[in-house]
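Below you will find one chain, with nothing else, as structure tokens; this is the form predicted on its own, and questions on how it binds or moves follow later.
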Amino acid sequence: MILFKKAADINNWLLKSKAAGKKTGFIPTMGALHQGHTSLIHASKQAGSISVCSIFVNPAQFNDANDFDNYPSTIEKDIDALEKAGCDVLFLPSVSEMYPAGMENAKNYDLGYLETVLEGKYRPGHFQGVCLVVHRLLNIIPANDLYLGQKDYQQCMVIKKLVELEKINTTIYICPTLRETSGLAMSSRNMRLTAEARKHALTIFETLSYLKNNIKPGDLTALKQTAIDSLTNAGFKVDYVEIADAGNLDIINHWNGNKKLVAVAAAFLGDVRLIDNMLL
């Protein structure tokens, strides 16, 4: 695996590869890697692409300074995991390399409704930061294909919107959420959970499964409230449990029985904020 720390260096190397007829598959991450991340590497490898991974904890997408400070860093383990997964190239930039002009006068992206609900509502500015870093990364890394995990469902939709807005010539592949045997969605934030908290964290998966197993056409208000109560009673501080249109994230309170839906949840367990989703 080749490691680059400078944007110009990795860009030059990949442009030469592109000129030689090779495809690039790109997996952007913030490190603290788990099997969900390495599954994206495998998907890229199966497509016959040069697999490029970035590790960059992006300060622009944290609206909580403590969350940024506490974000897990396991770079040596990450490099080892990437090598074992067959990753070809790792981009490991500094903040000054990613934002040479700083972040004060950053571009604003017109995300519309997507930025006003769910994660957009509870983490104001978060998706602007996501767009800022992904746009910058895709300018540095001329990726044919971009691999994302479904666990960050709304973020996947935001990045699709970014690619559309900026007319970026990249195909997005959204890969299924990987789960532990218990059902808990794999997440870098799980590293901050105690063994006891990990058992409680499973309640999010159980709550989403309850929604999937009990949803019926008609009014969904009571069903959603039961799900919220389930998490609250298990010791979570709930930001939201919602059922939304799987295509555009419109909140659905009354279901016609035909529209494709996704259940989404975000809640704090102690000081760790966990998110998950499930297609219904």
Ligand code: PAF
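Note that this is a predicted model, so its numbers are computed, not measured. Numbering starts at 1 and follows the sequence shown.
Quick note: we don't show the form predicted together with pantoate, though the next part is all about it.
A.B. asks: With pantoate left out of view, choose which of 130, 118, 141, 90 has a non-hydrogen atom within 4.5 angstroms of it in the predicted bound form.
C.D. replies: The option sitting close enough to the partner is 130.
A.B. asks: Of 97, 166, 152, 180, which one comes within 4.5 Å of pantoate in the predicted bound form, counting heavy atoms only?
C.D. replies: Partner contact (heavy atom, 4.5 Å) among the options: 152.
A.B. asks: Taking 4.5 angstroms as the cut-off for heavy atoms, does residue 85 touch pantoate in the predicted bound form?
C.D. replies: Flag for residue 85 set to no.
A.B. asks: With the partner left out here, check for me: in the predicted bound form, does some heavy atom of residue 185 sit within 4.5 Å of pantoate?
C.D. replies: Contact with pantoate, no.
A.B. asks: Can residue 134 be called a contact residue for pantoate in the predicted bound form at 4.5 Å between heavy atoms?
C.D. replies: Contact check for residue 134: yes, within 4.5 Å of pantoate in the predicted bound form.
A.B. asks: Using the partner position in the predicted bound form, report whether residue 58 sits within 4.5 Å of pantoate, counting heavy atoms only.
C.D. replies: Flag for residue 58 set to yes.
A.B. asks: Heavy atoms, 4.5 Å, pantoate in the predicted bound form: which of 25-33, 237-245, 42-50, 215-223 makes the cut? Say which one.
C.D. replies: Within 4.5 Å of the partner lies stretch 25-33.
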